[in-house]
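Given as structure tokens, the chain that follows is alone and in the form predicted alone.
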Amino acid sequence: MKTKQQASLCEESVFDQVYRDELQALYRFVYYKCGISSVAEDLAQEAFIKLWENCSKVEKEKAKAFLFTVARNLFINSVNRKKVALRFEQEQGKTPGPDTPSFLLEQQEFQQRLEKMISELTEEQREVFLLNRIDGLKYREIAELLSISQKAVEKRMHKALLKLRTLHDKI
């Protein structure tokens, strides 16, 4: 008669106990790697399937290590597959993202509204806003460029953002 330590993972009750004991930890491990709940669930389940398929080769005491190693490898393989698919799309000249006529029209309309709102800013506000948000300059750099204080830049940006919010709410 087998003792608890000698129980085989291929016995359903032993496997169920390992499943109950390790599922949450394995799920969290994969989730922390990928950040997507559904992917973490799938990879954790797939790791348990691999454990069941190899139950005769894995000792019960080493089941946890086996599960985490398999889950890690499954995650790495899924990332590598995505990289290959993305590389293939880029090589084919396809850019991922919506390119439907309705999306392009919405994008064009948004661009026109944005340009209209920016044109309604005062010259000082527009200048500071564009230098910061489009050219990526920091307030200190804008102050040096325009020969004004950094506080003046901050005040102009604040007023520009307030006005843009007001104009956006009206639309």
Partner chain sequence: MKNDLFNDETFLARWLAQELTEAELEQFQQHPDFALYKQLAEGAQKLPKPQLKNEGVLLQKIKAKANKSSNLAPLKNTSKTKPIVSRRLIMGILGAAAAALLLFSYFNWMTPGSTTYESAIAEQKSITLPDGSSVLLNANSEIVVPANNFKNNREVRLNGEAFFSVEEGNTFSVLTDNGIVTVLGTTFSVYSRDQQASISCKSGSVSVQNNAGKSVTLKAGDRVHIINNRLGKLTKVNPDGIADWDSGVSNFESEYLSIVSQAIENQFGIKINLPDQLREERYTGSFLHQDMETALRMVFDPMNLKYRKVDEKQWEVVE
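Note that the coordinates shown come from a computational prediction; the quantities given were computed from them, not determined experimentally. Take the two forms, superpose them, and find the largest set of C-alpha atoms that agree within 1.5 Å; that set is the rigid core. Positions refer to the first chain, counted from 1.
A second form of this protein, the form predicted in complex with the partner chain, is not displayed here; the remarks below concern that form.
Would you check, heavy atoms only and a 4.5 Å threshold, whether L146 touches the partner chain in the predicted complex?
Output for L146 is no: heavy atoms all beyond 4.5 Å of the partner chain.
Should K64 be counted as a contact of the partner chain in the predicted complex, where contact means heavy atoms within 4.5 Å?
K64: no, not in contact with the partner chain in the predicted complex.
Just to confirm, S38 within 4.5 Å of the partner chain in the predicted complex by heavy atoms?
Yes, contact at 4.5 Å.
4.5 Å heavy atom contact, E141 and the partner chain in the predicted complex:
No, E141 sits far enough from the partner chain in the predicted complex that none of its heavy atoms falls within 4.5 Å.
For 28-65: residues with a non-hydrogen atom within 4.5 angstroms of the partner chain in the predicted complex?
Heavy-atom contacts within 4.5 Å come from R28, Y31, Y32, S38, E41, D42, L43, Q45, E46, F48, I49, K50, W52, E53, N54, K57.
Using the core for the fit, does the CA position of N54 change by 2 Å or more between the shown form and the other one?
It does not, since the N54 C-alpha is displaced less than 2 Å between the shown form and the other one after the core fit.
Does Q150 count as moved between the shown form and the other one, where moved means a C-alpha shift of 2 angstroms or more after fitting the rigid core?
Where the cores coincide, Q150 still shows a C-alpha shift between the shown form and the other one that is 2 Å or more.
Flag for K33, CA shift 2 Å or larger between the shown form and the other one after aligning core
Comparing forms between the shown form and the other one, the K33 CA shifts below 2 Å.
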